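Quick setup: one chain, the form predicted alone, written in structure tokens, and binding and motion questions come after.
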């Protein structure tokens, strides 16, 4: 018996970093997925396989997850441990991950993997609702990112466009925009927690300036919400560039990202960092009129690909 589930990655359209300080962010899932296949094993082991490596543990060793050989695989052993305990099974489980999402570049690959694995592994016993999957996936993600807001896991589970803030949580943005983005990878490695800490230090040293930036971000997000509902690409692109300037001001851009944004401006509606910054990816808003030119332009200086909004979220095969 096999249980298969897939979940999409995500991009942040507006509000990264400022969301930590109570400002609303806008996210959407993208049509690049992680697929997880789970099946029982006769051996009493949990085996996890992906393009990044393979690891296994005996079931009776799962009480100490700090001994997981490869740290990035800890969430999957955690999922298996919970499933084995809840269902009192003596069988082992094999978990196989296949990804269309580059890892570690701010596109939500970790969250998508947690969502898809939660659904897939538990599907060997009972198929979970999306509400239950997201609850468990957020707990799983916090085994490696303790301060995770759950934003990435939520948009991966439910799909589409959402707004999120610390006070009110998630709200669907009722739009069926068929937006297209060129995602360009700076190929610069970053550590999200380090960049978040860097922004916090900037805030503490520049309280008045940061407060003004927050006010500007609120205006950008509010105007973007209207532009999304009206499908106004020119306005959305302009707001993306304004958001990028704020991100540059708080110190999370790099020379390579600045170059990518500059080149993207030549043909796209607008471009900005998506995610933590300090490396990672930028997104450029395009449509049929400028998609190929933007792909050709950015493809000369970075690895890039086209992505659209995914409205399906978690899918069971």
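Numbering follows the first chain given and starts at 1. In this text the structure is predicted, and so the values were computed from the model without any measurement. Rigid core: the largest C-alpha set superposing within 1.5 Å between the two forms.
A second form of this protein, the form predicted in complex with a small molecule, is not displayed here; the remarks below concern that form.
Comment: 149-157 is the region of 238-246, 122-130, 73-81, 149-157 lying near the small molecule in the predicted bound form, near meaning a non-hydrogen atom within 4.5 Å. Of the residues 222, 89, 206, 192, just one reaches the small molecule in the predicted bound form with a heavy atom at 4.5 Å or closer; this is 192. Looking at residue 12, you'd find a heavy atom of it within 4.5 angstroms of the small molecule in the predicted bound form. Shown alone here, residue 145 lies within 4.5 Å of the small molecule in the predicted bound form, counting heavy atoms only. Proximity of residue 276 to the small molecule in the predicted bound form: non-hydrogen atoms within 4.5 Å are present. Taking the partner from the other structure, the small molecule in the predicted bound form has a heavy atom within 4.5 Å of a heavy atom of residue 196. When the rigid core is held fixed, the Cα atom of residue 190 travels 2 angstroms or more between this form and the one not shown. Residue 306 shows a C-alpha shift below 2 Å between this form and the one not shown [criterion: core-superposed Cα displacement of 2 Å]. When the rigid core is held fixed, the Cα atom of residue 158 travels less than 2 angstroms between this form and the one not shown.
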